[in-house]
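Before any questions on binding or motion, here is one chain by itself as structure tokens, the form predicted alone.
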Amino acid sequence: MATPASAWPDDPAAMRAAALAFDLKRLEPRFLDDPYPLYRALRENDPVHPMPDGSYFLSRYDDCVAVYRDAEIWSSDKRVDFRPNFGESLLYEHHTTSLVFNDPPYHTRVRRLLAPAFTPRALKALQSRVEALVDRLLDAITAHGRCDLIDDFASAIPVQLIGDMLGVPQNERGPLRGWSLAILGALEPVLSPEQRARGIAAVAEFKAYLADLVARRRREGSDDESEILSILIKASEFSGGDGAEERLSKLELLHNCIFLLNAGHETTTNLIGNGIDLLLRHPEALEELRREPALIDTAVEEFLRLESSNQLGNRRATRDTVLGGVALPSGSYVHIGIGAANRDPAQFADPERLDLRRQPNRHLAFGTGIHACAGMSLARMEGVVAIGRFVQRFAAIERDGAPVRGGRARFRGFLRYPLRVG
């Protein structure tokens, strides 16, 4: 029987050669399907791996944490790095204005303005809304006996919730997921002309929609305390008043609302899809979770570790430094291998094993340091509710065809995942 084209060789010398030749801009399909064997080879053979464009790929946990925790040496500002792919386009405007790709003081100011949406009190108020939404989706799936895990469940939850938080009317939410996928798809290591065009169009359409939504919200107001759009409007130039240095500009308001949808949608969709996929690939773990539903909290952490929704981060050195024993000059650009770090045996015992009881579990799925994901508690709560209720609702969950992965290096998840349930 022929070896599948996607399989990695079971040969240390061949894997070492593959690691030494690794280039994020020349990825093989087998890497997008299963990057973990190559991540292991990188950790073992070249953990601070130089690539042809002069950047470095990091695959060890300790090196990735060191970069995350030193925001003075390792900058998140992407104005230099996004120019080659985005030029002066709306993609450049968006990604260099959103919270995640900026340093203090801008990052600090915007994060402080977003904080009220993610307090324990705000999350507690949102949980009942998430539970009701999940139950409605499960009722619809039950009635049909089959579903697409992504379209009918995993992506529907964050899109509806972020839609609520932004005050997007129910009948206007249709384009949200498509906009998000197009904008985030433009962050891949290699950007095709088609991806670039889709991303630019998505930013233009989303920005125009939000400008109109903001105008309506200013006229009509909102009594919903969880509606972050109204909170941000009050903290923006739209409201006038004192403290202008602390206010969002109109452009910052629009782009950080886009960021909220993109970050909340992608992370949670992939967490739910990857989590249920892991359980189906490990039926003994699925049965364990059904027997002990209280394991769902540590199970979600393990899903985040083993199949991280976000696989890559990036930083640029502001001065000469040493990382993992390698001298890096000022300006060096590094790729933080989140998916690789989360399977590092120096941090996680038996790292390839799915362990629903794993503790401690200091994975890097949400980053760490000042740029740790602001919405991580919300994503965790959505994952706990969605995955926990899904596996308890159905005694039988089976694939109803071949799943289709997203085919991306930065964000790991599925585009389609047909299921039969009963």
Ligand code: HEM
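Source: prediction; values computed, not measured. Numbering starts at 1 and follows the sequence shown.
Just so it is clear, the following notes concern the form predicted together with the named molecule, a form of the same protein that is not shown.
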>> Taking 4.5 angstroms as the heavy atom distance cut-off, pick the stretch from 258-266, 341-349, 288-296, 85-93 that is near the named molecule in the model of the complex.
In response: 258-266
> Which pick from Phe394, Tyr36, Tyr68, Tyr56 sits with a heavy atom within 4.5 Å of the named molecule in the model of the complex?
Replying inline: Tyr68
> Out of Lys207, Arg316, His107, Arg198, which one falls within 4.5 Å of the named molecule in the model of the complex, going by heavy atoms?
Replying inline: His107
> Taking the shortest heavy atom distance, is Phe118 within 4.5 Å of the named molecule in the model of the complex?
Replying inline: yes
> Would Glu382 sit within 4.5 Å of the named molecule in the model of the complex, counting heavy atoms only?
Replying inline: yes
> Would Arg177 count as a contact of the named molecule in the model of the complex, using a 4.5 angstroms cut-off between non-hydrogen atoms?
Replying inline: no
>> in the model of the complex, is there a heavy atom of the named molecule that lies within 4.5 Å of any heavy atom of Arg111, even though the partner is absent here?
In response: yes
> Heavy atom within 4.5 Å of the named molecule in the model of the complex: which residues of 268-306 qualify?
Replying inline: Thr268, Leu271, Leu304
